Ligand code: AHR
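Next up is one chain by itself, shown in structure tokens, the form predicted on its own.
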Amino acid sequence: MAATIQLDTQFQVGAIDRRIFSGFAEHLGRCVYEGIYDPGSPRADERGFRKDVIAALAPLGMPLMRYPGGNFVSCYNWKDGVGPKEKRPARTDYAWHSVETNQFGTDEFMAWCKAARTAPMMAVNLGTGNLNDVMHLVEYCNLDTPTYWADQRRANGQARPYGVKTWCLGNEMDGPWQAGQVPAEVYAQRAKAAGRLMKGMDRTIETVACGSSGRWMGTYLEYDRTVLEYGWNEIDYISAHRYSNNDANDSAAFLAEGLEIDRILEDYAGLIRYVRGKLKSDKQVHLSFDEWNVWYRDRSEDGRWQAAPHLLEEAYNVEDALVCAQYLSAFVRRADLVKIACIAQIVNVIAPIMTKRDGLLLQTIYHPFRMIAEAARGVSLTPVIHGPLYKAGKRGDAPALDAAVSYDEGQAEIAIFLTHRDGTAPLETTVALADKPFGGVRSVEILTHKDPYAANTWEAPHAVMPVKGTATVVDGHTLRVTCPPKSFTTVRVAVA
């Protein structure tokens, strides 16, 4: 099997926003408690923050961390989670039928973000909450005024404002599972009012409005259109969510999931253009793909009114990692559209990292995230791909090769991200660069395994790991690399 990729550094899609490599930490299961915050662990610092989790996140370089939900936020009163811990009330969590102890709240999260070298992406409660609570939270986080909630922040030990720049206006408000679910017209009014008030308090912030919860919803795009048209001037991003699955046990189709991701991005690009044109606006709105991952095995969503129950603790294999690579490659390819993206979630709950009291495990999906996040810099280039098709189950024929390319002019480097979806044979891939000569190959990493269902476990934590590969510069403008069956490959090469 053979494929070719034609490139020209002049054919640029747009600047790659580093925020597409962001994360999500929800008060769900063991993500917060026993995940990022675990005072009883020997691996925690004096504040209860898991040092090994922070160290494991560091190579991923996540610029933003979405918090505190997710479904959780739609019943959350942020005021329960500030002040002396002994006075904080325990509450029922409607979303996950769990008990929220409130021992980790806004101030702890801000301190954790600083320790983890990420920035907060705060969500406000537009389900059961009210506008006063929203304004009070903005005041608590961002204002340096001699007023009540800013004074409360200072009394709680934080003299200077946190300066949160990115705010989510609720979560999945079209979903019947969501506390406070409302029709698009009602949510649009809430979001516009909240966005206007929040920006009135701090003009430097950006807001993310809820879109439809997924392409499978009857509200898909129509909900988004209503929200965009009504609240356009107060909205900077519209959100998209997707969780991929192999419920049908159709691996060939599952590995072509990138086609579905591309379709969703194209849908949103068209919708945003339509609304912008209809409103005759010079303003631009972008996409925040702030929940994405593979999720289908562990559907344990009922916490049985326990604190930090074991929920959604998905175990990932090689195929799952290849699908995650396709999400990130799609975001790189559509750098003009996608400016924020958050893998859901970071620890224990549908996550690349798992913990127990005295241990940490990196799942397969950790590796493509790290590989792309380290290499994708500068601008996205348009790859023109010619290659074979393969039988992709219910999807019919699909391209065997998925590819994305970045170009960092300052570092004189092109990074090429290749997912070989077919499992029948290696794919000999030739990359031709029209306008510049290749220099030397700087690195090649390959993630694959002879068993596509192989996973990392506590007993075999290094069963699936990236390995060094090789690529050859054939002449000044041609590069060749072999992609093993069912693999993800990153090539970094110098350009003159």
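For every residue, the number given is its place in the sequence shown, counted from 1. Bear in mind the structure is a predicted one, so any value in this text is a computation, not a measurement.
Not on display, but discussed next: the form predicted in complex with the named molecule.
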Query raised in the report: Considering I350, I261, C324, L169, which brings a non-hydrogen atom within 4.5 Å of the named molecule in the predicted bound form?
Result: I350
**Report entry** The single option of L312, L362, L228, A116 touching the named molecule in the predicted bound form, heavy atom within 4.5 Å
**Finding:** L312
Query raised in the report: Within 4.5 Å of the named molecule in the predicted bound form: all of P63, F289 and C342, by heavy atom?
Result: no
Query raised in the report: Exactly one stretch in 50 to 58, 63 to 71, 32 to 40, 434 to 442 has heavy atoms within 4.5 Å of the named molecule in the predicted bound form; which is it?
Result: 63 to 71
Query raised in the report: Heavy atom to heavy atom, is F369 within 4.5 Å of the named molecule in the predicted bound form?
Result: no
**Report entry** Non-hydrogen atom contact H241 with the named molecule in the predicted bound form at 4.5 angstroms
**Finding:** yes
**Report entry** Residue contact check: W96 to the named molecule in the predicted bound form, 4.5 Å heavy atom
**Finding:** yes
Query raised in the report: Would F24 count as a contact of the named molecule in the predicted bound form, using a 4.5 angstroms cut-off between non-hydrogen atoms?
Result: yes
